[in-house]
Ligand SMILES: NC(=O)c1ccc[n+]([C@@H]2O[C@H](COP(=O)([O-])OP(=O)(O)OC[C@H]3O[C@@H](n4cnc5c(N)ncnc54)[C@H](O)[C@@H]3O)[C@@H](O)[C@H]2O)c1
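Just one chain follows, in the form predicted on its own, and it is written as structure tokens.
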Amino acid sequence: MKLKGKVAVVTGGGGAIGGASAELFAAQGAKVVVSDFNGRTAQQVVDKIRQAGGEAVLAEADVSKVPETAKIIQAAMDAFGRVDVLFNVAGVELVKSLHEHTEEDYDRVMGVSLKGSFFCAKYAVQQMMKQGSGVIINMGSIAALNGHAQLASYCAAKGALINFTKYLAIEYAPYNIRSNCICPGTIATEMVKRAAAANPDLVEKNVLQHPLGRMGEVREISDVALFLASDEASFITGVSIPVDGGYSAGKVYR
């Protein structure tokens, strides 16, 4: 029960990684606010947590809209009276090169992947400062550590999140607030599995760039999030942790 008595907020909680993390946090004793733009899938996660004997509430919200980020944190305060962990999972990916991008493309990716995390952190920090403790975990990507063709706005957003994570760690350390970033490689979500079925050669080439020679599993990301959220990581802040099967270590020649 690594999070016993804690209150955790998970954005993107209706998706594969967000949902698995919310369920794992609850199984480890946390009371969880599950937030997502898709209220139906987020409610399914809430229902699973409750059926397993945990406590969870839904906060349906679009994190690209600042007032709705405030609403997510307020939902935690209304339901549980505090915020101990914020896991910013919500994000969108767009496969487009820079010269193909429209302003609308840019605003959508930045709005969800960067702006949403920024303002969720703002409102969470305000409460964490009063408590004198807290943990913020941002969802980066291997595309934040290395350039990735055809992911112009996604690389920009996730790269910014890494430096934002460092900023949070420095600014709020006096309040015992830690901030770290997880940078996954290719993870076997349902979306990726569908892409593999539609274009097996493309996905296979991507997987081969991971020295371990496989995709990661969703639980391999949520396990790292649990560790970072727990007191076991009490002296870790301001870092970005690749969970990528060695992708960021260097080139693979096979």
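So that there is no doubt, residue numbering starts at 1 and follows the sequence shown. In this text, all values refer to a predicted model and were calculated from it rather than measured experimentally.
This next part talks about the form predicted together with the ligand, which is not shown.
Proximity of Asp62 to the ligand in the model of the complex: non-hydrogen atoms within 4.5 Å are present. With a 4.5 Å cutoff on heavy atoms, Val207 does not count as touching the ligand in the model of the complex; it lies far away. Contact annotation for Ala121: none of its heavy atoms lies within 4.5 Å of the ligand in the model of the complex. Although the partner is absent here, Gln43 sits far enough away that none of its heavy atoms falls within 4.5 Å of the ligand in the model of the complex.
Proximity to the ligand in the model of the complex, taken as heavy atoms within 4.5 Å, picks out 139 to 147 from the listed stretches 77 to 85, 139 to 147, 97 to 105, 121 to 129. Interface residue among Ala27, Ala70, Val57, Val192, judged by heavy atoms within 4.5 Å of the ligand in the model of the complex: Val192.
In the model of the complex, not one residue of 211 to 248 has a heavy atom within 4.5 Å of the ligand.
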